[in-house]
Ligand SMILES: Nc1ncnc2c1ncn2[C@@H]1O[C@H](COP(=O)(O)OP(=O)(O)OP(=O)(O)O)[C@@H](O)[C@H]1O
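What follows is a single chain, given as C-alpha cells, in the form predicted on its own.
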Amino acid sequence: MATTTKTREREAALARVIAVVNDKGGVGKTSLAANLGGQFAGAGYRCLLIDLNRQANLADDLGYRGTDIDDEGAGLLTSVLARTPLVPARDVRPQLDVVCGGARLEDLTPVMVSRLQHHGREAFRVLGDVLAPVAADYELIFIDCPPESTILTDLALGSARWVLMPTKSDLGGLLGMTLVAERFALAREINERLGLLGVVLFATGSRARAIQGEALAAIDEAFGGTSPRFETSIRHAERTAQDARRLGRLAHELEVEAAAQPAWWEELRSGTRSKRISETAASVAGDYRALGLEVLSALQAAETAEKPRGRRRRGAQR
C-alpha cells in the first residue's frame, strides 16, 4: 500500500509536466518552451522550465546566459547523480523558474549509459524522481529537450505526463517527429501515462495552406492517424527571432517594447537612429497566446476525462 501511495503521489506531482520534443534541431522547441512558459507566468501561473539542452538556448531566449544563476547544468547533473530534489533558479521572470542546462550536461550521458547497463530502461525514471518533490510548487512545467540526443530525450519522456511536439513542414522536421513517435512508444513501457498533448507547426508561412496540409497528413501517419494537432501554428518571422535572441526577450515582451518605441519618422526627423524592434513581434506573440489557450484547453479536457475513470477505479476497490 505504501508503494502504491508513493506512486500515486509521484504521478499527481508530475501531472502537468510537458516535454517539448522533436529529434530535429531548429524546429522551435526552445522558443515554444520559453514563450509558453513566459506567457503563462505573465498570466499568473507558476511555471518551471527545465533545460536539457547542452547548448542551453533557453539562457539566450530568457537573457540569463553568463549571469550568476547560469550554472551551465551543474545543478541538474548533481541532482541526477545524487538523486536529490532539483533546485531551480528562482524568478527568472516573475512566476517563472528555471533549471539551467549547459555544457555540464555532457557528463550526464555516460552516467545514464552506465545506469542503463545495471537497471535497464527503468533508469530513465530518475528525472521524474528528482523533479517530483518540487513539482507541486508549479502549475505548469515544460522540459526543453535537445535534438539528436536519445539519452536526454528519454530522460524527459520517462518523467513527463505529456509530449508537445513542434515540427516544421520540411522533410527534416517531419523525419525528426517520426523518430520521436518511435521513442514515444518505447517510453510508454516505463511511463505508461505518457500522452501526446499535441503537435504544432512552427515557423510556417501563414498562407502556405497546401504545404501545411501535407505536413498535417504526415503527422497523422506518424502517430497512427489519431494525432491531436493544434489549430494554431507559429508563423515564420526572422526579424522577431533575431530580436529575441539578441535581446533575451520573449515575443510578448518584444511586443510591448515595439509598441513603446518612437515612430520611425520621429527618429528620422530627430536624427537619432536606433536598432528597431520588428513590429511582427505582435503577430508572433498573438500566435503564442492562441497556442497557450489551446494547450490549457487540451490539458483541462484530458484531466476532466480522467476523473470519472479515477472514481470508478476507487469504487471498484471498495
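Note that the structure is a prediction, hence the values are computed from the model and not measured. So that there is no doubt, residue numbering starts at 1 and follows the sequence shown.
The form predicted in complex with the ligand is left out here; the points below concern that form.
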* Asked: With a 4.5 Å heavy atom cut-off, would you call Q55 a contact of the ligand in the predicted complex?
  -> yes
* **Heavy atom of I234 within 4.5 Å of the ligand in the predicted complex** => yes
* Exercise: G28 in contact with the ligand in the predicted complex, heavy atom 4.5 Å -> yes
* Asked: For E238, is any heavy atom within 4.5 Å of the ligand in the predicted complex, or not?
  -> yes
* Asked: Which residue, P147, P228, G75, G248, has a heavy atom that falls within 4.5 Å of the ligand in the predicted complex?
  -> P147
* Let me know the one among F184, W162, Y138, F202 whose heavy atoms come within 4.5 Å of the ligand in the predicted complex, would you? => F202
* Structure fact -> Within 4.5 Å of the ligand in the predicted complex by heavy atoms, the stretch out of 253 to 261, 66 to 74, 289 to 297, 30 to 38 is 30 to 38
* Determine the residues of 99 to 138 with a heavy atom within 4.5 Å of the ligand in the predicted complex and present them in sequence order; the list may be empty. => none
